[in-house]
Structure formats: C-alpha cells, structure tokens
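Just the one chain here, laid out as structure tokens, in the form predicted alone.
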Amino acid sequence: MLDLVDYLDVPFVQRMLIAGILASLACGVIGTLVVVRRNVFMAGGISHSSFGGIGFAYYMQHLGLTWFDPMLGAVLFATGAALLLGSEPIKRRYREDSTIGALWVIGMAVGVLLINLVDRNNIRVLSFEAILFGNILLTSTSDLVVIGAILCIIYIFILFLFKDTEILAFDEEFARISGINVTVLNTAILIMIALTVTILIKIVGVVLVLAMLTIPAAISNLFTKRLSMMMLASSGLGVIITTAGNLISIELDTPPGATIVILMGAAYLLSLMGKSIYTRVLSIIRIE
C-alpha cells in the first residue's frame, strides 16, 4: 500500500490530479454563470445530448475514421445543442423546457443506439458505466492538452467579456438597454457551457456533470453575491474537493467521479447548515 505522498510519483495519478484541477477551474467560472442565471436544467440538456456525440464518434471509428475521438464527438453534439437552445427562432416558437427535454432524451438514445452498432472486436469502446460516471484514471496526456486548450478558451472569453457577462447574468433586460447583443452573448455562454461539459465527462461522466458544474458555485453563492468573488471561491472549492476526492478514491478503491460528487454534496449540506447557524446567531445579536 502506497502512502498518499507516494501517489504523486505515479504518472496516471499525476494526470488524474491535473485533469481534476483544470476541470475545477473551468467549472468555477462557467458553473457560476449557470447558477446565477438559473440555467442548471439547460446545462443538463447539453451534457446529456453530448452522449450522442460519444456514440457517434465510436460509430465513425467503426466505419474506419479511427482519428474521430469520442471527446471530439462530445464537443460537436454539445455545441450543436447549445446553438439550438440559443437560437432565437427556437426560443420564440417552442417552450424552452420541452426543447431541453427532447435534446436530453434524444442525445442519450442516439448514444446508446450507435454504441450498440459498433463491432467491439475491432473498436475499443469504454463501458457505459465509464461514459456515464466517468473514468478519470484513463486520462491521457492528449486529453490534458485538449482540456487545457478548452480552459484557455473559457478564460479568454471571460477576461474579455466579463463586464458584459456580469450585466447579462444579473439583469438581461438592462443588458439589452445597454446595447449588449444579448442573443450573441447568450449563445456564446451556452457554447462555453458545452465546452465545460465536455471536460467534465472525462472526470465524472455524463450523469454527474451537473453536480460538479453547480455545487461549488452554489456553495460560493451562499456567502457572496459578487460574480468575480463567486468565480474565485467556486474555483478554489472545486480544486480542493476534486483533488481530495481523487486521492480518497485511490486510497479506498472507490469510483473517482462518485467520490468527488459525494464530497461536494457533503460540503454543500455543511455550508447550508453553517449559513443557517450564522444567520440565526447574527439575528440574535442584532435583537439584543
């Protein structure tokens, strides 16, 4: 049995920890926007539609396009779902919740169908469990490069458009009056959500994406309402919890994705209790 410090010398553990940190940094920024704008259900629709992209990528490999990586398929389908949800004609003509629900189930169904059509004797396909709940242990160096590139895109977007994004996040009507192209910015944010979802699939899988995307941001939202502080706090919390979850999963031989999400859930419950106690104490002090 290795000590926790000894794990850091193991290459796959190093890649695992780096992937978790990069994903947490992305979630800290985009997850905050999802929570503030109440787009959790929309993020769920995008994440589950990406499952269809993974199935599509495996089917393309089955047809001979061996370079078609599952992460590329997830990016294409998640981005397509984001563009569809951000489309003004779709938003005007159809109920948003119905569109999200349709994308959610169709994406999952397409993924299941296409994966089952693949000849697994010729194509190495991850198990449904690995796709749905993640398998960060299999993170490769090329995966880290892709995750790092997506993280750079997200941070460049936020750095250059932070003020407009902040206005839109808290008051869409004021953003329109201020001359901000709300449609374009909304679509851009949805694409950033899609890219973040693609990162998270490798870490926690399709099913658990929402937890990692929203829980750290929800915790930070309990203690601050400033968007910049929420992003910083959410990123820090995500890095700490994800790293701890990865190390605990190795030590206890538990699934990393599920371990990370359970830790995040526990942190959220403790934060709710701490906030409640703090509020009550403060009210008692004020009365006295």
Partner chain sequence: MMKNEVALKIENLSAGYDGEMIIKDIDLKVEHGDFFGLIGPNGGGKSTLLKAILGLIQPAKGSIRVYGFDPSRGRKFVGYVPQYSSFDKDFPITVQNVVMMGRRRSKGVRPWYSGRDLEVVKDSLSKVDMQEHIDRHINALSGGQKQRVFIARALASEPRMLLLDEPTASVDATIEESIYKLLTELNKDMTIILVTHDIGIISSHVGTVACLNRHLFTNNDQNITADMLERAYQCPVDLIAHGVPHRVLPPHDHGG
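Residue numbers count along the first chain shown, from 1. Bear in mind the structure is a predicted one, so any value in this text is a computation, not a measurement.
Here the subject shifts to the form predicted together with the partner chain, a form of this protein not shown in this document.
Considering the partner chain in the predicted complex, the lone stretch of 225 to 233, 44 to 52, 254 to 262, 65 to 73 in range is 225 to 233 [heavy atom distance within 4.5 Å]. Among M60, L237, I250, V36, the residue placing a heavy atom within 4.5 Å of the partner chain in the predicted complex is V36. Residue-level contacts in the predicted complex: of V145, I177, L113, V105, one residue has a heavy atom within 4.5 Å of the partner chain, and it is I177. None of the heavy atoms of F133 is located within 4.5 Å of the partner chain in the predicted complex. Mapping the unseen interface onto this chain, K163 counts among the residues with a heavy atom inside 4.5 Å of the partner chain in the predicted complex. Although the partner is absent here, Y155 sits far enough away that none of its heavy atoms falls within 4.5 Å of the partner chain in the predicted complex. Proximity of L159 to the partner chain in the predicted complex: non-hydrogen atoms within 4.5 Å are present.
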